[in-house]
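Encoded as structure tokens, the following chain is the form predicted on its own, with no partner shown.
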Amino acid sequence: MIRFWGQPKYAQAERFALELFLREKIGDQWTFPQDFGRFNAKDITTLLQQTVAAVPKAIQMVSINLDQPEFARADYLKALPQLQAQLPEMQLCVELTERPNGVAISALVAAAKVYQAGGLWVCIDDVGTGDNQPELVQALAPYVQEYKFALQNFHDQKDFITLVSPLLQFWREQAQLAGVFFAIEGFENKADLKIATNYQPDIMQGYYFGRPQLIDVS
């Protein structure tokens, strides 16, 4: 059995969206699926439609994460815009993860263009990490609405503040230049909040605001 767990996103101190994380129940435990590729677009969109029906009415957007192969896969490129057309009161967002999978930049750009044309919101997750480096980000920029920076990727670094401050400044500037929203995730404590608010994120997310919770669609 697979289900989505939702973590709140905030804009101007108001909860407006949920990021959905796919989990699989094995026995009595919810686990991170080892192979997302074995789920097809129909599996995901059916669950996504059920999940949208179960979230609070105040939620205006739900986002799902797609690795490069799924992001560019024909079944997702067809199914997600079709689902968006069926959900006029809910904005669907696809977040392109940073995990390297060797998909050509041209294929990712073509996919982002299809999603945007289909009314979806496109987010580049974890900018500056993995494959989501400036070259790819700039190529995708015309078809993207959000850059997301992940504080949690740097929390284990000794000089966290010294390291993360110029990166936040860089990606905030890149978002402004591209005319897209700038999101910061990974807030875990008040110190994170103090650092990050210097860079005026449009969207904020993290354990400090709320942990992922199972969305019951039964």
Partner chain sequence: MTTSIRKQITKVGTVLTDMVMPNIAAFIACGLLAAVCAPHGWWPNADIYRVVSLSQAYLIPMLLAFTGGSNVGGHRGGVVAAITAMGVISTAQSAAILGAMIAGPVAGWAVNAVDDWLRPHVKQGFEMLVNNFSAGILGILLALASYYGLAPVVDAGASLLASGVANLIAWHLLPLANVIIEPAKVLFLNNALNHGILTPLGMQAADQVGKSVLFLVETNPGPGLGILLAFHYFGHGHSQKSAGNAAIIEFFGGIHEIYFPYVLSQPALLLAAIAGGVAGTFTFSSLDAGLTTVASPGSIISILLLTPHGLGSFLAVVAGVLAAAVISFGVASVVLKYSHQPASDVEVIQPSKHAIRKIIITGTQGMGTPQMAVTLLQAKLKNLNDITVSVVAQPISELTPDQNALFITRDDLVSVVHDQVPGEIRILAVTNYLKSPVYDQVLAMLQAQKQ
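This one's a predicted model, so the numbers in the text were calculated from it and none came from an experiment. Positions refer to the first chain, counted from 1.
What comes next is about the form predicted together with the partner chain, which is not displayed.
The shortest heavy atom separation between residue 88 and the partner chain in the predicted bound form is within 4.5 Å.
Contact check for residue 16: a heavy atom falls within 4.5 Å of the partner chain in the predicted bound form. In the predicted bound form, residue 76 stays away from the partner chain, with no heavy atom inside 4.5 Å.
Of the heavy atoms in residue 203, some are within 4.5 Å of the partner chain in the predicted bound form.
Contact check for 61, 84 and 121: all three have a heavy atom within 4.5 Å of the partner chain in the predicted bound form. Looking at 108 to 116, 67 to 75, 128 to 136, 88 to 96, the stretch with residues near the partner chain in the predicted bound form, meaning non-hydrogen atoms within 4.5 angstroms, turns out to be 88 to 96.
Among the residues 171, 187, 181, 36, the one placing a heavy atom within 4.5 Å of the partner chain in the predicted bound form is 181. Residues from 22 to 51 do not approach the partner chain in the predicted bound form: none has a non-hydrogen atom within 4.5 Å of it.
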